[in-house]
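Let's start with one chain on its own, the form predicted alone, as structure tokens.
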Amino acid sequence: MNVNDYQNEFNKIISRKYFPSRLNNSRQKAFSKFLDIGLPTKKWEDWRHTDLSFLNKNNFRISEANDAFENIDFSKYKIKNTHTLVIINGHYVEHLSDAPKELRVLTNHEYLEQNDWRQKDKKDTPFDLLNTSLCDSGMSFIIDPDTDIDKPIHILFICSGSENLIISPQVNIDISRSSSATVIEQYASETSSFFQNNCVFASVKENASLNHLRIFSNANKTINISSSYIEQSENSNYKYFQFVDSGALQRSDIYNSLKGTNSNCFLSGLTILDDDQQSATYITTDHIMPNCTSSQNFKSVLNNKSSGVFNGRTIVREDSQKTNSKQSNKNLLLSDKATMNSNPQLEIYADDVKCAHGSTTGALDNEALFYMQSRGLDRESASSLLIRGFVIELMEEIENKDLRDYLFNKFDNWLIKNN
């Protein structure tokens, strides 16, 4: 896409009469900034390892109301014992969804109206500006105070059809004080090519807990760029797990702000790629208040010409004493053509803290393979055992058994194909 292509799609959004005109001003400002900044190039520090050529070479159009196709086999996306909410090509399909009674589901217009039309703050990055400009859909999920939802809430985003669509949803997840929930976002495709550029805002209030899982399983010619903004209040707990197993490009930018004392944030993820797929995870964990704990634990298994990026940044501000934070990034390369760029970072401005970070990247251990083969295993079986041993630590941290089984099945299918 070139500048004229984005301008054409922006003009379509502005001309839609069913969007409140009061949002046009913020759209116009964001799009003007986007035009000034332009798309990232490899000269940009945070984008020098990311190849956007697929996006630049293809054209995408925004979704229309009649793009909500429903002739989809949902059984392959089913996760047992969950409430499933279906979003097709950016459109929430209520009659296919099973929302728990404790969950309030609002359109983003209803959400903005309830909050005096105050929009959430984003970074002035090109894709966040583009999301503000082209946002054509979105939902808000609210859990009221003192509410625990036992079954996970499974939000299924599916792109379908023969057209190359650009979809720009915004999602709000509000966990009110003393409440808890598990939310699973799953991104899947019934089409060969699309571009999804989404923003997710999660607010975890006092004494609340959010277990947040994201599954990116798209076709090989798809781009999924996602920004997540998490704000935590006092005594809150946020646990995040990310599973990536496909896509031409998948990029996650995660911004977590620990704004309340005694809050905890645990981020982890597993990426398994093949062919020339690429995935990038950029994290900023900002310790604003004292007595908080955070961790980042991410692993990748890369085959053939696939590539990965991990950029984990932890900031400990001057008044954030008694901080406890650690980072770990471990990567397994199954091919000499696979590449990984890892950059864990600590910025510490306080004195009384415990902080550590580390990163390793390497191939399968030949001595371990030789030993296992000497005990009667063939090389393929030995490799599978070592790869499974590498990822099992992360997978076993998933508390929900049905979700854990679902992801293990996806991993096993990938392993059979790539070993």
Partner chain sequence: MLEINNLHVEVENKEILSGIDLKIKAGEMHAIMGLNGSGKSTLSNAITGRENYNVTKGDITFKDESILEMEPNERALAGIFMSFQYPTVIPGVNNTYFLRAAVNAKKKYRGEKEYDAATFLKFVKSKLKEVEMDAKYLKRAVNEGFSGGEKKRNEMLQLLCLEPELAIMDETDSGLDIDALKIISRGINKYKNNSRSFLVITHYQRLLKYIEPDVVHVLIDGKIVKSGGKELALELEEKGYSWLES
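Computed from a prediction, not measured in an experiment: that's the story for all the values here. Residue numbers count along the first chain shown, from 1.
Form predicted in complex with its partner chain: not shown, discussed below.
Chemist: If contact means any heavy atom within 4.5 Å, which of 44 to 52, 57 to 65, 25 to 33, 359 to 367 contacts its partner chain in the model of the complex?
Modeler: Of the options given, it is 359 to 367.
Chemist: Should K354 be counted as a contact of its partner chain in the model of the complex, where contact means heavy atoms within 4.5 Å?
Modeler: No - in the model of the complex, heavy atoms of K354 and its partner chain never come within 4.5 Å of each other.
Chemist: Even though its partner chain is not shown here, does G389 get within 4.5 Å of it in the model of the complex, heavy atoms only?
Modeler: G389: yes, in contact with its partner chain in the model of the complex.
Chemist: Applying a 4.5 Å heavy atom distance criterion, does G376 contact its partner chain in the model of the complex?
Modeler: Because a heavy atom of G376 falls inside 4.5 Å of its partner chain in the model of the complex, the answer is yes.
Chemist: Any of the heavy atoms of M372 lying within 4.5 Å of its partner chain in the model of the complex?
Modeler: Heavy-atom contact with its partner chain at 4.5 Å: present for M372.
Chemist: Sequence order please: the residues of 397 to 414 with a heavy atom within 4.5 Å of its partner chain in the model of the complex.
Modeler: Going through 397 to 414 in order - heavy atoms within 4.5 Å of its partner chain in the model of the complex - there are no hits.
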